[in-house]
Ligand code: GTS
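What follows is one chain in structure tokens, specifically the form predicted on its own.
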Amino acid sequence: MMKIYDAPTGPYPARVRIALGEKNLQSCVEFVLVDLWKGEHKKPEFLAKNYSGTLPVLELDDGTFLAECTAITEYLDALDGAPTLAGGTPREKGLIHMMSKRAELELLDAVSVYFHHATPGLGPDVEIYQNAEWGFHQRAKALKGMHYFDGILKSRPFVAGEAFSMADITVIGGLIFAGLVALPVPAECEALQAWYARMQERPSVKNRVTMSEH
């Protein structure tokens, strides 16, 4: 059985948990809790699994470790030979990857930098270096990113087009993180707010935290 090393409420782990739910693969994995607040993801034993010291990490049956949400999602999406999250045609793949990367750069990662640099973050034992000015700069970038995706969602039902995809999952991750750091979606971003309300009704999103831990 595959193993996923993660933290159940984390925004990056949420991306893979949502993908598992969309592909009905929950029963194929064992979850292993990594305590972020104790800095377990920065300890040598975890760094041996993922040099970057980030969550989540997927361990395959042959001992291979896959890190990075996009890589893990693509792997899970392709297992059944019928990919739905990363795109089926070259055009779909291109659009989904483009929009997912934009969601990382303009929203999710920006919120992450704000959290780690301009708030207490994971605490003094984990946050060895902080630059508050850079953190608040990234907070402003995240808000600008919300306005960008609001504009995108005014003209189509999903982030990369007509179907739910990995790009939607990445924006969801960004908004989950924004909620954790009390950074609300601006009131004028009505399309983004309406889309997020719909996304939270998807079973894969709604049930992500309650997947079994071991």
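Treat the numbers as computed from the prediction; the structure is a model and nothing was measured. We number the residues from 1 along the sequence you see.
Omitted from view is the form predicted in complex with glutathione sulfonic acid (GTS), to which the following refers.
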property	result
Exercise: G174 in contact with glutathione sulfonic acid (GTS) in the predicted complex, heavy atom 4.5 Å	no
Close approach of E68 to glutathione sulfonic acid (GTS) in the predicted complex, 4.5 Å, heavy atom	yes
Partner contact for G53 in the predicted complex: glutathione sulfonic acid (GTS), 4.5 angstroms, heavy atom	yes
In the predicted complex, H147 touching glutathione sulfonic acid (GTS) (heavy atom, 4.5 Å)	no
Contact assignment for glutathione sulfonic acid (GTS) in the predicted complex, among L122, A86, L143, A118, heavy atom within 4.5 Å	L122
Candidate stretches 21 to 29, 6 to 14, 199 to 207, 186 to 194, one within 4.5 Å of glutathione sulfonic acid (GTS) in the predicted complex by heavy atom	6 to 14
Residues of 34 to 48 having any heavy atom within 4.5 Å of glutathione sulfonic acid (GTS) in the predicted complex, listed in sequence order	L36, H41, K42
